[in-house]
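First comes one chain, alone, set out as structure tokens in the form predicted on its own.
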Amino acid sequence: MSVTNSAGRTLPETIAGEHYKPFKKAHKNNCDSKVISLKKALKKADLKDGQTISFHHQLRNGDYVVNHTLDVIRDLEIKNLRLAQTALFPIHKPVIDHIKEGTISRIEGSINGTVGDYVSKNPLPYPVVLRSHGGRWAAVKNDELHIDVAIIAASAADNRGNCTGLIGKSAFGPICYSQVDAMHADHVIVVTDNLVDRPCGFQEITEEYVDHVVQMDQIGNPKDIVSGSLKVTNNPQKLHIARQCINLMSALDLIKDGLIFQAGAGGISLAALQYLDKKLEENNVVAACETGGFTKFIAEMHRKGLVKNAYGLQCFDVESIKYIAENRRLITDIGHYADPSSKGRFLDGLHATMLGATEVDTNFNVNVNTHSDGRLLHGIGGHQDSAAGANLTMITVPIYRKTIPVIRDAVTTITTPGDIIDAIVTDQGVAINPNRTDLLDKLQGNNDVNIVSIESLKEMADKETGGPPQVDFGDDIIGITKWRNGELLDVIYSVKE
């Protein structure tokens, strides 16, 4: 059987047993601007009650996008949304009002500060779900966390949605956390305060994923988006912990050509980086790569040739943003970095990582989510991801803070299980996980690292503080921590007023 298509050709409908639709008409793809107001963009996205809306956290405590968007959603009278941000900060305190008013009824994302404190005492209808960076990427990619509308802040974007976070008055670094949202959300809205000529000079997210572009006067306060000057600790206790980390790496023969490591932006980690810098120079060693957060200290090590490559995920200071903008090959994405459902993660090749903690217990379990008073004040971040990938996972903590012991019988909340924690590096010595007999064998007879048992650290902490405080927990489960693959790891209970 034949049919005549709109091009005037009479052709068979079936060829070699395959059925073909006849050509109807060709259309030109006009390159119209996607720039509209946020209210119109949300209406066109057909956002409805009970759906899920996502944001990234890289504007940190300078973010104006989350609060502004939720205000517009309130004006549209949309209710019971699931908020799937990568993290909230104290600036997002207005989220509490949106919870009270019913705009938000669920949260699946990290909470830092005020909102977590509120939820700890005022449970939502559903527990807050906490995932690692890699775990969230996998959850979005595999549709465990389905996003209806993704709101993606960009420090520069063109009128079609090609965008970056590396240039502009509100530059914050790579938009690596939102790339998976852009690829899998039903509707994508890019929000910028810097509309540039098409094509945008550098494109971390491209127009193929973007439905609409919104221009704001300011997406954030640059002073609070990044720290102008990160400071290395000058606290003798913390400097000692930092030095012990590098001594431990050296004793285990990790400081050699080809080293791949990760360090954060906290005072201890920055001090450890300076000790590592000196050790690399002394030993004439070139590390292969640093990954994770990017700081001016990593940029300087890279500039000096002490580190061949650096894969940056987020920038913590102005200098690192400028350096990444000039050396864009140094950017990676969260999927490559840590997606547990992928065929390979860069983190799996880590030789050493330094991580912090709120609490550690005698089974080497680590808590970074709740304080010892039970309040939910932090997310997971990349803690689980880098701990699982590194051959040497070091937790850097003092044995107590003020009058609260850090080393205890059982952590308040398990963020990262003790199975993958290798060393607790403290001001009173280094405890090696008994499961790592290979490390203990290598460290025998080494005088540069003070090896002690985790039990003795706990006893010292209790002696100085009198033991951990008693917390009056409620019966409501206000949050859950998930392991990287989506399995339930722990629950977080409400705390009484």
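Start at 1 and count along the sequence shown; that's the residue number. What you see is a predicted model, and the numbers here were worked out from it, not measured in a lab.
We do not show the form predicted together with a further copy of the same chain, though everything after this point is about it.
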At 4.5 angstroms, heavy atoms only, are 29, 34 and 348 all close to a further copy of the same chain in the predicted bound form? yes
Decide whether residue 80 counts as a contact residue for a further copy of the same chain in the predicted bound form under a heavy atom distance cut-off of 4.5 Å. no
Using a 4.5 Å heavy atom cut-off, state whether residue 292 contacts a further copy of the same chain in the predicted bound form. no
Taking any heavy atom pair closer than or equal to 4.5 Å as contact, tell me whether residue 288 reaches a further copy of the same chain in the predicted bound form. yes
Taking 4.5 angstroms as the cut-off for heavy atoms, does residue 275 touch a further copy of the same chain in the predicted bound form? no
Using heavy atoms only and a 4.5 Å cut-off, determine which of 215, 142, 309, 237 is in contact with a further copy of the same chain in the predicted bound form. 309
Ok, 185, 107, 88, 315: which has a heavy atom sitting within 4.5 Å of a further copy of the same chain in the predicted bound form? 185
Exactly one listed stretch (276-284, 322-330, 89-97, 247-255) reaches within 4.5 angstroms of a further copy of the same chain in the predicted bound form by non-hydrogen atoms, and it is 322-330
Select from 187-219 the residues with a non-hydrogen atom within 4.5 Å of a further copy of the same chain in the predicted bound form and write them out in sequence order. 187, 188, 197, 198, 199, 201, 202, 203, 206, 207, 208, 209, 210, 211
